[in-house]
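Shown below, as structure tokens, is a lone chain in the form predicted on its own; questions about how it binds or moves come after it.
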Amino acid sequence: MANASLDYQKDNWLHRNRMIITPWLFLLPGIIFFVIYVVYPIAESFRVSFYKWDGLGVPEYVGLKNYSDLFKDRAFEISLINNFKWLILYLLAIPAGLLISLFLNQNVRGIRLYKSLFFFPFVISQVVVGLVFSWFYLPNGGLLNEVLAVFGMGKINVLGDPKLATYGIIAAGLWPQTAYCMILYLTGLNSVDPEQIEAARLDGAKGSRMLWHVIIPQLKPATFIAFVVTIIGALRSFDLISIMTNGGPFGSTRVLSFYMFEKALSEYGFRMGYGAAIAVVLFLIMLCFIGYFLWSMYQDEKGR
């Protein structure tokens, strides 16, 4: 009887394939949520981008007209350029975070207090960061102009000047992003091999040579995550722009995500199809970076 039961289990398809099925059963809830909350909205955005729709009435199919209108839209061009400014300048958070983490990775008296102070911008909300920097940039009574006055320089209205406003918001965004990169590197520095450091010292390496040839290569996983998160954060920038300038002055601080919101959902828009076309362009830009990072991860895994 017992032998018959064992034979039945061996012949059972589920029993024979349990090593393949079990991981998929664990992944299934996550896959379902990913399809519902990520894949479906992306596919729906592509679909809506081919329609003229105010969100309430009957959608009218217009083909690629929304996309052709984008390339004639000066506001879209400014938003795209601003996104690339964010993308390039936001990367400064990575070396800044590395330098601060190297400073904080020491066993000296009071270092926990310094760490707490540097952690602080990471735990506060983007809204608070935006308000703090708005006060900092105030033309009358703002700390920035008070400091400039000490050096005999004239007042500047950072958020009121179309040429400076975007850079002022990016500087505000760098504050919490640098703290985030610093935390990643502090975690990475805990896993640096002390034997390699000691061997490099015996070979005469120190200072920048030690940092470049011994420490930074061991921080590659932290650097990879810092790049991914920083680039995606730069392309998703919205909160600070909304709080500090609301896209102004004269639309000079808009980025694609903010312009999409204005066109699709704000009181000036309700052009769902046009907003969806902006979202698709932003998604394709992000896809280039995400695809590159996934390819890099695959190559690293293959090389091990």
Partner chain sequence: MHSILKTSVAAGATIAALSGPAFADLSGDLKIFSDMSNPAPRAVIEGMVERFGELHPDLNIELTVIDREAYKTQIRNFLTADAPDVANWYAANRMGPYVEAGLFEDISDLWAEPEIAEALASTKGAMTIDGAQWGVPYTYYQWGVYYREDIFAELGLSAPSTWEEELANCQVIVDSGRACYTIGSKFLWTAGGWFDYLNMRTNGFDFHMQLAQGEVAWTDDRVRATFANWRQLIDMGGFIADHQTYSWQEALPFMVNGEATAYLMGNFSVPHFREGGLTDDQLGFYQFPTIDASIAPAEDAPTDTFHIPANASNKEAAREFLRFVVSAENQTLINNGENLGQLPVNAASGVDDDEFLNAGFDMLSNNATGGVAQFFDRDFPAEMAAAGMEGLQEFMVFPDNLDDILERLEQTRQSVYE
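Please read these numbers as outputs of a predicted model, since none were measured by experiment. Positions refer to the first chain, counted from 1.
As for the form predicted together with its partner chain, it is not shown, yet the points below apply to it.
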Looking at heavy atoms inside 4.5 Å, which stretch does its partner chain contact in the predicted complex, given the options 241 to 249, 40 to 48, 25 to 33, 275 to 283?
241 to 249
Candidate spot G55, R254 and L265, all three in 4.5 Å heavy atom range of its partner chain in the predicted complex?
yes
May I ask you to check whether F270 falls inside a 4.5 Å heavy atom distance of its partner chain in the predicted complex?
yes
Verify the contact flag for R109: yes if a non-hydrogen atom of it lies within 4.5 Å of a non-hydrogen atom of its partner chain in the predicted complex, no if not.
no
How about G160 - does it come within 4.5 Å of its partner chain in the predicted complex, if we only consider non-hydrogen atoms?
yes
P95 versus its partner chain, in the predicted complex: is there a non-hydrogen atom within 4.5 Å?
no
Can you name the residues of 209 to 242 that have a heavy atom within 4.5 Å of its partner chain in the predicted complex?
none
